[in-house]
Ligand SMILES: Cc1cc2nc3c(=O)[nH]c(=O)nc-3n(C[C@H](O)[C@H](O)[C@H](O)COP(=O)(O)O)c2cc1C
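For reference, the chain that follows is the form predicted on its own, supplied as structure tokens.
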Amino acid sequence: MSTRIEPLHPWSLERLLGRIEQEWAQEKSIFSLAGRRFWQADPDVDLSAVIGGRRVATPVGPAAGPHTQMAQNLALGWLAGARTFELKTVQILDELDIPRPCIDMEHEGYNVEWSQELKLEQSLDEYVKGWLLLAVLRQWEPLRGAIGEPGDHAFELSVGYDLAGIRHERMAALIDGLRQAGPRLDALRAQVGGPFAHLRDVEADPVIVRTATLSTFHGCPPDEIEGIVEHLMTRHGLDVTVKLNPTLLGQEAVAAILHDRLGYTDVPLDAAAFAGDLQWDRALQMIDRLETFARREGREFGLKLTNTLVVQNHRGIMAGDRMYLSGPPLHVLAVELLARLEAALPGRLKLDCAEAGIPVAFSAGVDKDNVADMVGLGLLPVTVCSDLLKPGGYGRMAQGLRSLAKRMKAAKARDLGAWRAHADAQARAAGSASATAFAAARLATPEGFERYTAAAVHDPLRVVDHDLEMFDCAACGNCVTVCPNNAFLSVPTGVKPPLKSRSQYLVLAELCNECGNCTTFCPERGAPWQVKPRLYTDAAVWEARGREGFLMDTNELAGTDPDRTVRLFVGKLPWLR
């Protein structure tokens, strides 16, 4: 039997902090995100909201996915303004062989990865590490000018996909570890040294998660969903949000929106997904029961829209018969589902200006240009994934938050309550019963849905008629910004013959899971994660992968081609040693 090679090998907190300190001192950036792209609160508007039992500084953050799996991902989201984090979905099956590539974001967005790529124990380590890392960064004085007063943030657990798995002792240990994280946090503090040593005892709440989202993917039956929610509320004391699937609309309605309205006629729906998923009437019954159960237990029950949409794999870029649709078309589907739920549950959802009811979170095709509209509907939190996989990466979240603040100021809305009231007033002035109904109605008009259509989304990517090489390239920087794991580095070298580009690009191989997103957005022919110099810091991982690339060591650089050029690049990265 062959030994399984793990796809990711997270770095220690000590190494992450070492990189932060040196990179900030040299380049005024952290994990390749320039300080000028960090989010800083506008003092004229209050974006705070209560989420997960905490008042957090913004209602926006990354959805469960590639941006919330490792500690440096969480730090990047936080620097870009995320204050609510839906952690990467965990399940008991933690040795999945996910096909590579697993992400296809050329246009609307598809993926075939649907839960963590780390072992459960590693996921727990990363979430605790990320929590302490953010506590340290929040108090680190050199960042104060770039981030101001960052305010509070919250982590939310995401789990799937069956009751037996969630009851398993290893899953229970992960959840308990996040609910009572004091010993793990204290054990990590020894790694907070150097210029951060005075923050070793920084305050960090040992209760890392207070809420959990249940992903109802893969035909999870209603009784199973209810059993999981009840288990999480009673055994672990968590408030629980159930993430619904777009299949609730029914195949006919989905086809009418996806194919007829938006023009994605080449996307074949998967009839089995509609037949196997939760059905509309049963969903309403389930919501009734879980709302009552939560009230009895003194817990909060919420809804989230939506999971991705299962479709047949028609593009042939990723392996398998099925893949999961996200991005612009999912947004239109999810808003339609939101409006139908509001109509079916009148006065029961905490939307628009409602002060009570079932809270609704949203994560479907949210981008920097529509996040303000989604926040205006009273949705909390609003989380993002596909948009962060486009060029600009994490920085796109900060753009969205700035847009929200700008629009609130223009509307003279000083806080989110006033922003919701403004959206509601606009909707009623247009003759709609609510802001949610108005949003859905607008997305049914050509003016409203045009930017979500296949015609609008399928703009060709930039192409350069050249094979990608180890050194020199178009130097667009896309590989750095579209990588959710921060596995790429841009190294300024100056122009030194025979090199032509002022910046060269390197791969931190232990943080690269070969998702393929860099290949999609590279204008040249080739896969950057394969072609560019791959650097290792762990000799065991380097050996396990056949000594490909270059091994970093305090005394030497070993590899298949340890030439002077790579040494030049590495000399500019002292934190790798």
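Start at 1 and count along the sequence shown; that's the residue number. Since the model is a prediction, treat every value here as computed from it, not as a measurement.
The same protein has a further form, the form predicted together with the named molecule, not shown here; the description that follows concerns it.
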Based on heavy atom distances of at most 4.5 Å to the named molecule in the predicted bound form, which listed stretch, 222 to 230, 385 to 393, 162 to 170, 419 to 427, is the contact stretch?
385 to 393
Looking at the partner-bound form in the predicted bound form, is Asn111 within 4.5 Å of the named molecule by any heavy atom?
yes
Would you please decide whether Lys368 lies within 4.5 angstroms of the named molecule in the predicted bound form, comparing each non-hydrogen atom pair?
no
Though only this chain appears here, would Met70 touch the named molecule in the predicted bound form if you measure heavy atom gaps against 4.5 Å?
no
Contact of Gly327 with the named molecule in the predicted bound form (heavy atom, 4.5 Å):
yes
The unique member of Gly52, Pro66, Gly549, Pro59 whose heavy atoms fall within 4.5 Å of the named molecule in the predicted bound form:
Pro66
Can you work out which of Gln504, Ser123, Ser158, Asn485 has a heavy atom no more than 4.5 Å from the named molecule in the predicted bound form?
Ser158
For 82 to 98: residues with a non-hydrogen atom within 4.5 angstroms of the named molecule in the predicted bound form?
Glu86, Lys88, Thr89
